[in-house]
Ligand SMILES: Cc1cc2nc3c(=O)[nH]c(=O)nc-3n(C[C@H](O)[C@H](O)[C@H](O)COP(=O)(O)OP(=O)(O)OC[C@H]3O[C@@H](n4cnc5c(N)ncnc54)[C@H](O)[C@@H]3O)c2cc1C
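Here we start with a single chain on its own, the form predicted alone, put down as structure tokens.
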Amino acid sequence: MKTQVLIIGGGFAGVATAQKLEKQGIETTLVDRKDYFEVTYAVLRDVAAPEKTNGQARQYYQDILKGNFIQSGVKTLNKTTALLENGDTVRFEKVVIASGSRYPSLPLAKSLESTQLTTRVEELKSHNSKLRSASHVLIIGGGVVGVELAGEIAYAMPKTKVTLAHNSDTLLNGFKEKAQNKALKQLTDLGVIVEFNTRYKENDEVYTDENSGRYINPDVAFVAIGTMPNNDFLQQNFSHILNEKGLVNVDSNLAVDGQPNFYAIGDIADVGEAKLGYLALEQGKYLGKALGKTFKGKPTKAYKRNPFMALVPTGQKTGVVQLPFMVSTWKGLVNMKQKDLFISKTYKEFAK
């Protein structure tokens, strides 16, 4: 089969690109192993308090995409064709690599197995059921995901003991000190026990801190440490476009360095921005418009990188906002995300 633009990956970046291109009359084919799009901002609340989002974070691709969709993975990518895992071959004029990343140690955040929406819903229900019967939950990793997960569980299940263990002396590495301190206070106010400078390892469901020798035996444990780029399909023919972190090198127009008609966006690309969903969406919107101009022979402007900004919820009522010029816990700002975790905003962006 043929398409003008093949888009590999149906996250924020891939869907945004497809929608912008189709609006301009450019034929797209989006390929993803899942049959559904998921607003990943909302997943952690789905796990702790599913009644708050009521399943709105996930929709079938066929219900939101204007272009073609194929449920499959890419087995091998070539210069003008892609061999899919289902045996199909897709010929393209241009390809957008938007395959994203995965959490090897925390599949609940981005499922590794649930390729059907129905099974993903059951997977999240199972996590919630285990949490509701737990008296002690351990979360290893004090980054954005670990902090947010600890806050969601502590708020939704106040009788459950929640321990957040981190391997350094501050939460939210890379954030401003004020944001780190405010997040810590908000979590401890919810009753979360925060342990710093720990390295817990599991053996027969017992977790031992290699630094102190202390051990704990939680009912449920989540390991929220690190992500890996989804680049397996690039290894055979295009390992040269990857940097030492496994990310695709791109230029100022998000085109792949030294590889004509290849583009990369989102978590898989070394764009020079934080790996956040809203930034991936912005990259997709830009690239969709830019490729539309390219097909018409018009010049394009370089992508304008965004400064680091983040809004990290710590439960359903509190959170920390870091902007380039300030750190705030003001409810007016925090509630921008708390309202529905940007679910409706995301789908509105896709519909524009």
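From a predicted model like this one, the values you see are computed outputs, not experimental measurements. Each residue number is its position in the shown sequence, starting from 1.
Beyond the structure shown, there is the form predicted together with this ligand, which is absent from this document and is the topic of what follows.
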Would you mind picking out the stretch of 169-177, 238-246, 213-221, 274-282 that comes within 4.5 angstroms of this ligand in the predicted complex, counting non-hydrogen atoms? 274-282
Contact flag, D32 vs this ligand in the predicted complex, heavy atom cut 4.5 Å: yes
Taking heavy atoms only, is Y61 within 4.5 angstroms of this ligand in the predicted complex? yes
When the contact criterion is heavy atoms within 4.5 Å, does E152 count as touching this ligand in the predicted complex? no
Using 4.5 Å between non-hydrogen atoms, is T40 touching this ligand in the predicted complex? yes
Which of these residues, V90, V137, V74, L254, gets a heavy atom within 4.5 Å of this ligand in the predicted complex? V74
Interface residues of 77-112 toward this ligand, as seen in the predicted complex [heavy atoms, 4.5 Å]: A98, S99, G100, S101, Y103, A109, K110
